[in-house]
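The data below hold one chain only, encoded as structure tokens and taken in the form predicted on its own.
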Amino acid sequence: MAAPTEFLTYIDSKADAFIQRLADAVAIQSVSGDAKRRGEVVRMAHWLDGQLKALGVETKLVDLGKHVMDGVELDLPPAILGSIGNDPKKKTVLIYGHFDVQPANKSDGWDTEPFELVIKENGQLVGRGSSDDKGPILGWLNVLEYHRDNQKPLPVNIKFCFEGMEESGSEGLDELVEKESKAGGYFEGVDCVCISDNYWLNDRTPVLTYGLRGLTYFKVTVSGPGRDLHSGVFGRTVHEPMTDLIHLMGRLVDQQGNILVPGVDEMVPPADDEEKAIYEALDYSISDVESAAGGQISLTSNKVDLLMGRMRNPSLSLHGIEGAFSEPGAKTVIPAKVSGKFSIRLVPPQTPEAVNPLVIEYLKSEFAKLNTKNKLEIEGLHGGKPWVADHKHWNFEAAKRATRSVYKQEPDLTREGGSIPVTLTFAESLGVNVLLLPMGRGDDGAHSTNEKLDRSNFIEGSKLLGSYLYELAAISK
């Protein structure tokens, strides 16, 4: 059952008002990773709660407790639980999104003020959070507004779960989801889940996402001297922590991306021909990868191998060194203590519990070979398991039909290289199919400078979300 034509024309007619609401949302600097802006995240929660209530959603703000950031104990921003419709004859879909954003300052390289939505001549809506994830959340509000203004019942029952800590590890959310998924909980009766917090592969082809890589993140610290030392006085007289750390970091992954920790790559079975065919069919090329990366630096010219490297194979990346001299100029210091940070993106059947012991054992073994008098400390900072869903499920079929209806083309089926840990929490706690239905494009720059959401993706994406609900209502379980 396609969405009513009047719904589609309504979305077009209200485009300017919807963009103004997005501007209002972007203006709230809800950066969850900045303790000084915690009040803004809370303000964003109350703003969104008010918007939902005005559109007929019954809501409640849920206290998630406290946590420590930068040595200060802070209240976690409240989660928003919402419900509209309770017809037992209709399917019930749970919608998830997050209203916090990544840090942004104009000095980072933005062309405009990051928290002032700028509408460019080419239709790009530039502002922090426009694509990740305020635009998609407001897409659902756009759908609700049509049904309120036209006094039309929704084709399905909807539960909402919106949070303000996704960019900082979704602290407190897993426990809430697990609690509310039990008998008598808020999510009882949910038939499927839809999340719009990811992106197309490119700027031309809509996608449905059925998998996400997991993550395990490490901090490796090497220390020795009691203080920083002068290299002219102590060079070649002491074991230098930086020398040991660089050696260890260089033993984790090779130049072709192969993970050197024994047993990690070997955990993952090879793809069969049916799975390879999915990657071959994707509307994505080597040039797309290199364009997004800003350089001709792809590891391989084989499209299938490259896409599997991004989506279905594990990867290990080195992220930085803490405690080392990094300012302009020349400082001849031997750091007393340095920490290297790296992460491994995990795929089924890998889990942090299975991979971490292999990494720790390997680092200790490699460190022992150095015969150094420095000390080694290994910390696992955080992690999350990977997730893969059945893309032949009726939930995905409804999304495929909606995509064909709105965009007049078949969606690509993708697995994302990134991680959204709560996806797996929903899947495991509720025992239902979870769908990722993106609004934005692959070039939106969600965590980068000049983040944008194209006007067409915001408006057509709102139509897609509404059409998905109508297709969901019509399809058989």
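No experiment lies behind these values; they were computed from the predicted model shown. For the two forms, the rigid core is made up of the largest set of C-alpha atoms that agree within 1.5 Å on superposition. Counting begins at 1, following the sequence as shown.
Missing here is the form predicted together with another copy of the chain; even so, the following discussion is about that form.
Heavy atoms of T351 never reach within 4.5 Å of another copy of the chain in the predicted bound form, leaving it off the interface. Proximity of H447 to another copy of the chain in the predicted bound form falls within the 4.5 Å heavy atom cutoff. At the 4.5 Å threshold, heavy atoms of R236 reach another copy of the chain in the predicted bound form. When another copy of the chain is considered in the predicted bound form, E410 lies well away from it, no heavy atom lying within 4.5 Å. Partner proximity in the predicted bound form, defined as non-hydrogen atoms within 4.5 angstroms of another copy of the chain, places exactly one of 112 to 120, 220 to 228, 149 to 157, 352 to 360 at the interface: 220 to 228. Contact check for D244, I321 and F325: all three have a heavy atom within 4.5 Å of another copy of the chain in the predicted bound form. Interface residue among S405, S285, Q102, S83 relative to another copy of the chain in the predicted bound form, by the heavy atom within 4.5 Å criterion: Q102. Contact annotation: of the candidates G185, G257, G263, G189, the single residue with a non-hydrogen atom within 4.5 angstroms of another copy of the chain in the predicted bound form is G257. Interface residues of 282 to 297, taken as those with a heavy atom within 4.5 Å of another copy of the chain in the predicted bound form (partner not displayed): V289, E290, A292, A293, G294, G295, Q296, I297, in sequence order. Once you line up the core between this form and the one not shown, the Cα of S343 ends up 2 Å or more from where it was. Comparing the forms between this form and the one not shown, the C-alpha position of V207 differs by less than 2 angstroms, with the core used for superposition. Once both forms are fitted on their rigid core, the CA atom of N374 lies 2 Å or more apart between this form and the one not shown.
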